[in-house]
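Below you will find one chain, with nothing else, as structure tokens; this is the form predicted alone, and questions on how it binds or moves follow later.
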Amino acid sequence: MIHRVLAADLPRHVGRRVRLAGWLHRRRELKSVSFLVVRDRSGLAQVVLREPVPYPEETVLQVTGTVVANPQAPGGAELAAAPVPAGVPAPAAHPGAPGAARPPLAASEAADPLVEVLSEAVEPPPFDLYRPTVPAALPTVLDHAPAALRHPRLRAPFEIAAAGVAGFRAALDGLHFTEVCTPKLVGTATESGANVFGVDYFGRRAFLAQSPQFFKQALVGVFERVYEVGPVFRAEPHDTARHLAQYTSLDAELGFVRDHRDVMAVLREALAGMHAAAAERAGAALALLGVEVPEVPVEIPAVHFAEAQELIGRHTGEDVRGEPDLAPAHERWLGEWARREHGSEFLFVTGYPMAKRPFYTHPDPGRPEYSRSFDLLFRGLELVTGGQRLHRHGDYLAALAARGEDPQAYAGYLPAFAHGMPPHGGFAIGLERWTARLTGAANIRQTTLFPRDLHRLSP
């Protein structure tokens, strides 16, 4: 029986008769020979025929033939005409494919690879997918994503993202976290203001979850350490290259922490796992895009928010003291400072003002106007937000009262703390933003499968 062989594995089968299957990536007809380039999930393979093939690009083919070494072919091997022993029949056609099996071949014959059509393309792709660069603007790519993403350069970021998710999971599994799956429909919109999507839930008002924050905190009381990979939804009013209405969040929460620095240490391990997995599992995609995976320092440099403001003021002449957050330009400056002073693409900014953080954030006991929270900048852009949370029921009631909020609005959240909760904290990484920073993508939509934003709800 002849089994299907992937394009990348052809060199290991030189001299053998194999079956290849994939999309017709490119077709070139010369005077006496035809070249087909077939694309599958592993890469490209060349097929050499003595007869022309009339099928258009993106037709799905199955090709059976002998693997011949050729240094000029992709990977150094191809399917081409080769003598076969007398009496060996050609393989039967694929069920449902046109044509029947050929009669047995004589010893003197050189058997052309047998090409069978599994599905013929009836429309051309939005642009030539065989070209080494993408000859189309981003709107065209997004409008025709099911076909456009077949281009190797457009597919590559998602191979890298998939490897990153695998690395995230492996790192936290190694630290004895439990993966959880929490609801994305919630009954109250309580975490971050008005940027929520309302939905009709059997005649009642419900909302798409902005994060799994409340659930993962509650589950610290069950498992101690939890993580989740899943979608989150923000009714994001900003139409920029870095904002989406739906993205993939890599969340983690852990109990029995001393403070936010324990959370930062776990985040460092998660990022190191993501980068190692990207290098190991997506090496071809990284090479195609010309991306080198930066090292995650054993100890990521950190600067307190107040110190960061002093640095910005001293070196730029801008007095940003008293501002509750960092502007994007200041994040970029800090990223350059970290690279210059510490040789690091990463920088922790810790101790953001409590006024800028959610009510459940733990204040710094020594400087209560500041928090035990952090942002992680990756190449000058916020990638991760995290910190230590409040864990005592009475502290939650006091924090809500200080903000003038009714505890009844949090009736589904607060009981977890009434039953005893350890000191805990966590973080969330935006997968698409991580991939964009790693690959140098100018727009986060380049690293988002079927983006959802102010204007786009299809495909």
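Just so we're clear, the structure is a prediction, and the values are computed from it rather than from any experiment. The first residue of the sequence shown is number 1, and the count goes up from there.
There is another form of this protein, the form predicted together with another copy of the chain, and it is not shown here; the text below is about that form.
- Checking 319, 280, 120, 336 against another copy of the chain in the model of the complex, a heavy atom within 4.5 Å turns up for just one residue: 120.
- Scanning 48, 400, 60, 53 against another copy of the chain in the model of the complex with a 4.5 Å heavy atom cut-off leaves one residue, 60.
- The shortest heavy atom separation between residue 28 and another copy of the chain in the model of the complex exceeds 4.5 Å.
- Although the partner is absent here, residue 241 lies well away from another copy of the chain in the model of the complex, with no heavy atom inside 4.5 Å.
- In the model of the complex, at least one heavy atom of residue 221 sits within 4.5 Å of a heavy atom of another copy of the chain.
- Although the partner is absent here, residue 348 is not a contact residue: none of its heavy atoms lies within 4.5 angstroms of another copy of the chain in the model of the complex.
- With another copy of the chain left out of view, the stretch that reaches within 4.5 Å of it through heavy atoms in the model of the complex is, among 287-295, 199-207, 365-373, 328-336, 199-207.
- Taking another copy of the chain as positioned in the model of the complex, the residues of 390-419 that bring a heavy atom within 4.5 Å of it are, in sequence order, 391, 392, 393, 412, 416, 418, 419.
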